[in-house]
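One chain comes next, on its own, written as structure tokens: the form predicted alone.
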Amino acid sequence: MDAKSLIEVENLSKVYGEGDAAVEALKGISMNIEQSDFVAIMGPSGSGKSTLMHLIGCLDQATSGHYGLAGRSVETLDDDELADIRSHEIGFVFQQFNLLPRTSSLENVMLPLTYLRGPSTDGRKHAAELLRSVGLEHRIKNWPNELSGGEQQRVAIARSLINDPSIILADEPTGALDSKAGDEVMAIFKRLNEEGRTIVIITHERYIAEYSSRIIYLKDGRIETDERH
């Protein structure tokens, strides 16, 4: 792996189904993503971008090819090791905010800690600090149904940061938001990247992709263009 590469993908393929029903979602993808990179992945529906995101996030495994993450060959890891990567090294943000409905913003942010080692005073303090960092110090006790869509997504971003991951993967993070809320969310991702985190987002919106420093465009399971700007 290149010394600066955090993510290294070589000839990665993913096939769903078998025989005549087989669908090749990714067809030999190769790319490197460096530490502190900010990458947007674009492409039409069915281009393979969500499949690629799932493979990078260790939510699924490739049919063939190599995926290296921080010097580790992901294809050689067992389920426990993959779960450990998902818990500690990668933060996830999705289009649907996936917040527990009758749970406060603070408790939603703390949720990954609760699953791993139980609640703690330090955990509550850290969660409160993260909510302040996304401009929601006044919403700590509110339930999701008391928040706007943009506020719910900012809670989800705070939750993705609770275990201090080096990588944030965001799948259509502004897809359910109006343009103002989307810009607010992207400004947070931009700041996180400037602080040193690696950000990879999927988006259909070119103006959202323009927040990144690099745009990878997929078509029919292959990389069509890969440009820095």
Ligand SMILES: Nc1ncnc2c1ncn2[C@@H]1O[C@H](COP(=O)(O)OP(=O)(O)OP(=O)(O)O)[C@@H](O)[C@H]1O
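Just count from 1 along the sequence shown to find any residue number. In this text, all values refer to a predicted model and were calculated from it rather than measured experimentally.
Absent from the display: the form predicted in complex with this ligand. The rest refers to it.
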For this session: Answer with one of 216, 208, 12, 25: the residue that has a non-hydrogen atom within 4.5 Å of this ligand in the predicted bound form.
Result: 25
Exercise. Applying a 4.5 Å heavy atom distance criterion, does residue 196 contact this ligand in the predicted bound form?
Worked result: no
Exercise. Given that the partner is absent here, does residue 204 sit within 4.5 Å of this ligand in the predicted bound form, heavy atoms only?
Worked result: yes
Exercise. Might residue 183 be said to contact this ligand in the predicted bound form, defining contact as any heavy atom within 4.5 Å?
Worked result: no
Exercise. Looking at the partner-bound form in the predicted bound form, is residue 51 within 4.5 Å of this ligand by any heavy atom?
Worked result: yes
Exercise. In the predicted bound form, which of the stretches 37-45, 187-195, 156-164, 62-70 has residues with heavy atoms within 4.5 Å of this ligand?
Worked result: 37-45
